[in-house]
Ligand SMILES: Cc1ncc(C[n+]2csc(CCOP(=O)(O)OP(=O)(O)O)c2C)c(N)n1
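Just the one chain here, the form predicted alone, laid out as structure tokens.
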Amino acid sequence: MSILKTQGLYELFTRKGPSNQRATHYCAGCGHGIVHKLIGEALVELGVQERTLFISPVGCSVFCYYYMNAGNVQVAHGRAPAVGTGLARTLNKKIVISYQGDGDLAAIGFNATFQAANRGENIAVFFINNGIYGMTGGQMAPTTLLGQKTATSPYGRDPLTMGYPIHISEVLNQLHAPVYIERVSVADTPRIMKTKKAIRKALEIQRDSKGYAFVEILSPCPTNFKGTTLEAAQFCINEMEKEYPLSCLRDRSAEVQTKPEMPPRVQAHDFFPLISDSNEVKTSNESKVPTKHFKFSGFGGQGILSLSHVIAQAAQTAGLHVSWLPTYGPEQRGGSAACSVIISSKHIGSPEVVSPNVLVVMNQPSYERFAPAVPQNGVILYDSHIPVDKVPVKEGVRLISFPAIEMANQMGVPKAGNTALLGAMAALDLIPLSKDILLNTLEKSFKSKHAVAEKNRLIFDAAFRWIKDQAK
């Protein structure tokens, strides 16, 4: 399929191979190219092209970013609504388009779509329904018609074993929040004209920040329908429209008011540094803090996640950028637990910590796993009971033994070894935060448990003094 030069699309589609082509990757007779053209023209006609973010999922439309001359975000299978929610909530003045096929939206991504619609997110969803998994070989989709033969239903879809086709528009129409829901088609010219109006309506709703708009578009798939382009179009008209009648199920756009912008505490620069005017943030004392990567690890139940969370919360209180990424097994107690924390006065691109500047470990398996990754001039703070001589570390890595578990037991709070480690880290200046901020955050973490908070403060102070005494 090729698309003549049109507004809203790139002039050339620079995919792999020749860079001067106008042919898309879609099969001849596919409806995707038509819908692309209609969306591109609507963006330009409404004057919103420069503030539009187009979300491309997994499916036949996976290469949308080669065609749509707008902001583009590639997302995982079925996760367009989740990413769209984040974009719409943090980029208040952007128009967010979620473009998905029936395998992507109605199967793996159905719940994400349902919940986004139920919340009334500011997203325009264009749902391409061709009744089949087009990209991966023509398997049965949730929208496949009864009796329709596919790669995984060679004798036709049987409702007794395969269920019935899912009517996504009707399902969403049960919800209160959506502003606009319509089902259209691109099977012939009159239907294409109605589809153009529906697409424009959905984008007008986004332009005016009125809420969730959903347009289902019946589209022919000649390759998987096993017919000519004309036969595929006729199948849409004669068969698909019996199951999925074309209609506007809901249009409340005239009565709905413009949604207010999200409050300043949730802004784009907190999550998307690439669109920020500045890549630096001032802390409460206007100092610049170098980026520090932390890794905390131990058994589940040792308070590893609580320790890392207190530090992350304290950094956030101090006005720093921070990321907190926990990983843990299914066991409530005794399994492995680890957490990556990054603190910086600059924006953080990824929460993953591969080479921690500071490694804090409470058991031997964690030491064996993470110690070799600590870079030169890094620090490993480990509980004294861990034998460390059998695991080599890089030259220049500082090893610090500290009796966290023993100290907590002696003070009558066996589960507070994590608090002892927090005090030790503060005394060693491993955290770019003041002692007062750390203590205040620690106390807040216990909320109304004043007795527990006081015991943990005592353990923090004892660990702090222990380290200072050792230094002397």
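So that there is no doubt, residue numbering starts at 1 and follows the sequence shown. Since we're looking at a predicted model, the values are computed, not measured.
What comes next is about the form predicted together with this ligand, which is not displayed.
- Of the stretches 132-140, 236-244, 344-352, 204-212, only 132-140 has residues with a heavy atom within 4.5 Å of this ligand in the model of the complex.
- For the options V397, I108, M162, V391, the one in contact with this ligand in the model of the complex, meaning a heavy atom within 4.5 Å, is I108.
- Scanning G298, G103, P81, P220 against this ligand in the model of the complex with a 4.5 Å heavy atom cut-off leaves one residue, G103.
- With a 4.5 Å cutoff on heavy atoms, K196 does not count as touching this ligand in the model of the complex; it lies far away.
- A residue is said to contact a partner when one of its heavy atoms sits within 4.5 Å of a partner heavy atom; H77 meets this definition for this ligand in the model of the complex.
- Although the partner is absent here, I405 sits far enough away that none of its heavy atoms falls within 4.5 Å of this ligand in the model of the complex.
- For the chain shown alone, V58 is a contact residue for this ligand in the model of the complex, at least one non-hydrogen atom being within 4.5 angstroms.
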